[in-house]
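First comes one chain, alone, set out as structure tokens in the form predicted on its own.
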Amino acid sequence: MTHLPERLLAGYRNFMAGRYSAESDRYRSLAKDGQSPTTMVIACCDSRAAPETIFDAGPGELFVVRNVANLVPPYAPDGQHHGTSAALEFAVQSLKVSSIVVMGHGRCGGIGAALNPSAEPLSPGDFIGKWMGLVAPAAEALSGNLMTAAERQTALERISIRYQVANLRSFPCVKILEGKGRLTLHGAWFDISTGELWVMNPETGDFERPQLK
């Protein structure tokens, strides 16, 4: 009798025979000396948009926090439970990352829920509905225009990224370090169907394709 799904055990066997075997010295060094990533990525928990895969990152290279629709709640030191805020605090204050990337993606289920707030909740707690309330103002602003449903979805996925970058600046530690030039904030959007990565222009907020040499 196994205590894990067989698919996971098979993947672990491949990991040990492949990547871990090839990078065992690196893993041992990380275990001994600790992690020191320079970049934090705030991404969606969607299984199709894993930052480590998209950016071809090795162990110890990225500090990643994932939640539904890659949201950053505004700074709220109210004594409540704040998982994303805790990860942000650790990345900035302890790991001292030099860049934070908010990465959204196409066909995001959380964004779809925000655009359809009248849908039946998945549970009495309606955790997704309450969580996606963070982007409700932007979703409402898009409800009365002439865009198709697909266009509206993509638009909110990208607009939400701009909102999350703004929310990052509501954290004093982020705002202070950015002002000193010791921390940079970025936005990115990944198209699952084509593999395209679009990067937010920090000056205009527009999303542009980077030049890949």
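Owing to the predicted nature of the structure, the values given are computational and were not obtained by experimental measurement. One rule holds for the numbers: they count along the sequence shown, beginning at 1.
Same protein, other form: the form predicted together with a further copy of the same chain, not shown, and the subject of what follows.
- Taking non-hydrogen atoms only, N167 never approaches a further copy of the same chain to within 4.5 angstroms in the model of the complex.
- Although the partner is absent here, L177 is not a contact residue: none of its heavy atoms lies within 4.5 angstroms of a further copy of the same chain in the model of the complex.
- a further copy of the same chain is not shown here, and in the model of the complex it never comes within 4.5 Å of any heavy atom of A119.
- Under a 4.5 angstroms non-hydrogen atom cutoff, a further copy of the same chain in the model of the complex has R66 among its neighbouring residues.
- With contact defined as any non-hydrogen atom lying within 4.5 angstroms of a further copy of the same chain in the model of the complex, the contacting residues in 67-87 are V68, Y75, A76, P77, G79, Q80, H81, H82, G83, S85, A86, A87, given in sequence order.
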